[in-house]
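First, one chain by itself in structure tokens, the form predicted on its own.
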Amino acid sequence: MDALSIKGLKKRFLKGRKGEVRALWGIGLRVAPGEIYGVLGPNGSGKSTLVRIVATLLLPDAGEVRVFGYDVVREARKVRELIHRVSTEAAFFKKLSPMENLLYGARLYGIPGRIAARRARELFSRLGLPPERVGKPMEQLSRGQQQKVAIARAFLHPPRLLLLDEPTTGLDPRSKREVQELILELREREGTTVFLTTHDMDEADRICDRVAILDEGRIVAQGTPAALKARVSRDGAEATMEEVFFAVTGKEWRDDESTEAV
């Protein structure tokens, strides 16, 4: 059974004077249990919309999405029991501290407080969250620090399918590497399936078993990073993922943080 199966997925939005925007159009992919699968594309390509549909937060207009065999529309409650989503707009109790937020979440999963606190401290240390910030209200933390807390919360009780929607956005290079190491460790230790969206080509190349390149709501290429780079390499020199993107889309890579993501 696939960990994630998507067939003929379509989603569109009405956006004022722009009229109809096709966020996703005919998406199809399969993710095996224990696989780290990346969706690579610039902001506005439809990555976040895709994750929100898998997470049961948006209804598709057409197509089918299943998580370990469960339909995300008809069996949404069961799907939610199997997933955890981390995004750049993670929700917290802003007046509570990082530790208090994680302990609250642990109670929902039946994790004893002492075990949860120990694991939380380990994760905060691994992610480089300053000890003096652990007891401060979330509203006093920077965006990057809040993102680290969101990641720690997801790793506190690993799900069967972890949805990571640009999890390293706003993090410095060292913190990005620490998060990537945690993702690889989680897959190795727990067998967790990871579905990752990113606009960081190096990140996709480093940790993903396979990637799909998304452009204007369509998948234009799928495969292992090595296979995709081999397709466009010239004169024996290894291609970059940026060169792969250009080859399959005919466009230069753009990574404009001000672009509205859909």
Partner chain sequence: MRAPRPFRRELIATWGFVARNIHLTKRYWGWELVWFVYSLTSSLAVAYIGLGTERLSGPGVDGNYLTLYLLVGTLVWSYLSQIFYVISEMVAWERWEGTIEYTFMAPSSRLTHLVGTSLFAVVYGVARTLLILAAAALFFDLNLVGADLGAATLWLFVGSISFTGFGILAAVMPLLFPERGVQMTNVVAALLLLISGVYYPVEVLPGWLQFLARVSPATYVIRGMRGAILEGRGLGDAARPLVLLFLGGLAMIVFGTWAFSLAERYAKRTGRLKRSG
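Think of the rigid core as the biggest set of C-alphas that the two forms share within 1.5 Å after superposition. Residue numbers count along the first chain shown, from 1. This is a predicted model, so every value here is computed, not measured.
Separately, the form predicted together with its partner chain exists; it is not shown, and the next lines address it.
Do Leu156 and its partner chain share at least one heavy atom pair within 4.5 Å in the predicted bound form? Yes, Leu156 is a contact residue.
Contact label in the predicted bound form: Thr56 to its partner chain, heavy atom within 4.5 Å: Judged by the heavy-atom cut-off of 4.5 Å, Thr56 is in contact with its partner chain in the predicted bound form.
Can you check whether Leu182 is within 4.5 Å of its partner chain in the predicted bound form, heavy atom basis? It does not: once its partner chain is placed as it appears in the predicted bound form, Leu182 has no heavy atom within 4.5 Å of it.
4.5 angstroms heavy atom contact with its partner chain in the predicted bound form for Ser97: Looking in the predicted bound form, residue contacts with its partner chain include Ser97, since a heavy atom lies within 4.5 Å.
Among the candidate residues Arg210, Arg206, Arg52, Arg30, which is the single one with a non-hydrogen atom no more than 4.5 Å from its partner chain in the predicted bound form? Checked against the cut-off, the match is Arg52.
If the criterion is a non-hydrogen atom within 4.5 angstroms, does every one of His199, Asp202 and Glu243 touch its partner chain in the predicted bound form? Contact check failed for every one of His199, Asp202 and Glu243.
Given a 4.5 Å distance limit between heavy atoms, list every residue of 166-201 close to its partner chain in the predicted bound form, or none if there are none. Residues within 4.5 Å: none in this stretch.
Using the rigid core as the reference frame, would you say Arg119 shifts its C-alpha by 2 Å or more between the shown form and the other one? Yes: Arg119 shifts by at least 2 Å between the shown form and the other one.
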